[in-house]
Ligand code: BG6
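Below you'll find only one chain, the form predicted alone, shown as structure tokens.
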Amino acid sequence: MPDTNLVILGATGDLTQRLLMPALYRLYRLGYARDLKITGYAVEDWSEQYFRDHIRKALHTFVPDYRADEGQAFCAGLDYITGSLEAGQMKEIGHRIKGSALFYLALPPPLFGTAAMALGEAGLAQASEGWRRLVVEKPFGTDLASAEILRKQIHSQWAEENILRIDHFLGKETTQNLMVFRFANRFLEPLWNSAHIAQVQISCPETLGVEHRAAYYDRAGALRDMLQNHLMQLFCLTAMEPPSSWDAEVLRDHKVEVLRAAVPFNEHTVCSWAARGQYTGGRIGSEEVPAYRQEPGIPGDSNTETFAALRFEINNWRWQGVPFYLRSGKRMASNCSEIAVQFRQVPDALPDGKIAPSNWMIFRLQPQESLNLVATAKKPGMEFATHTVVLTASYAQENAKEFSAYEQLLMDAIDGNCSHFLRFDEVEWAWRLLDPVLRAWSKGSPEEYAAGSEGPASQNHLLIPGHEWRPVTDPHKRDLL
């Protein structure tokens, strides 16, 4: 059986030390990656030992339960090659590895195409035995035109079936459980349509600011950074038709069908179906935080949006007339990320004269991954009175082995399971939908909202009459109203 190699291009960078190496270390501890040969490749002229010491220090910093003995053993197996993104220098990688190889582009996005082409020109896209795959981090372009240029560059050397576009939201436990819960429970399917569902809200607020990502974030903004990839993924998984099988291509076909059926934006609907904002100074918990334009590395006149909200409608039999609301923002009141599905109200009053509130089914991503069902029940006692109850199922189980999204996706990439990676047509259709919004937002300025708040008031213009945003501040309390 050929060896299995993981080659990380950009191995001295932030992504590698914060996310990739901690994930690989945890897999090593659990016995899942003991036979995986890991090679770092970067322009820094480091010795192999210097690279190992660098990664060991990073693990000590970013892995809470780091153990020195296991960390030392893990790092002892790391290899390192100094080189640029030129085919001639990349040929050294071919001299070091044999058999199957996964190439991970942990590089700045503008270098993705250059690196992919150079790997192919160095003869590394093809193997005489085993397989060769390429992992590309998001973002996949900055608009439809740049995404198409990137596709042509990568496809010049790599076949589409060997390209794994990674979005870590697809590796989250809640995201994968959404698919299982939807398609493995027969009782849900008759209710999962416009006859019973009134609206869907997908919210991913963040209390963090731009942190160490100022240079990238000010070019990207909230729409590109969160909605075009992460939230659109959740949108597709929530709305897709039941697949005939769990085959990767079938799953990805159905996700693309959702994007093709979504009503496109135009110059008129952008005003009423899209909202943007930028945070000013405020308070997050007990901490005073600066305005976005006062953050280190951000221009004082920046018009980059730090909050984006969209309303989608799907023109098909299942979802006709059901709005899907997507929103994400920096420096908001909490990190309570969720997919919230509201069912329609029952038509008649209860015996106590009250109208039962709508049921909600909530797939919570943060801070604790769980499934909540908001229902109406009778209060204990002699009188007939009702109250709201929340039935909660946590995904965390006692003594269960914990995995991060990156651990799951790295194992899927090595195993060749493409189910949780994006195909190019999915990237293409997401950009087709959002390009009109980007063009409209190239003019004017985002609305200001205070750090630590619910976001800009303009987000409420997206809602149809009778709908309200679930509060960011304390959605748990809202469930019990």
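Bear in mind the structure is a predicted one, so any value in this text is a computation, not a measurement. Residue positions are given as counts along the sequence shown, with the first one as 1.
Unshown form predicted together with 6-O-phosphono-beta-D-glucopyranose; subsequent notes refer to it.
In the predicted complex, at least one heavy atom of K330 sits within 4.5 Å of 6-O-phosphono-beta-D-glucopyranose. Shown alone here, T114 lies farther than 4.5 Å from 6-O-phosphono-beta-D-glucopyranose in the predicted complex, counting heavy atoms only. Contact annotation for D225: at least one heavy atom lies within 4.5 Å of 6-O-phosphono-beta-D-glucopyranose in the predicted complex. Heavy atoms of Q366 reach within 4.5 Å of 6-O-phosphono-beta-D-glucopyranose in the predicted complex, making it an interface residue.
Only one of 206-214, 83-91, 372-380, 308-316 lies within 4.5 Å of 6-O-phosphono-beta-D-glucopyranose in the predicted complex by heavy atoms, and it is 206-214. Exactly one listed residue, out of W158, F169, W273, F324, brings a non-hydrogen atom to within 4.5 Å of 6-O-phosphono-beta-D-glucopyranose in the predicted complex: F169. This chain lacks the partner; the member of K138, R344, R182, R293 within 4.5 angstroms of 6-O-phosphono-beta-D-glucopyranose in the predicted complex by a non-hydrogen atom is K138. Residue H230 is the sole member of 228-256 found to place a heavy atom within 4.5 Å of 6-O-phosphono-beta-D-glucopyranose in the predicted complex.
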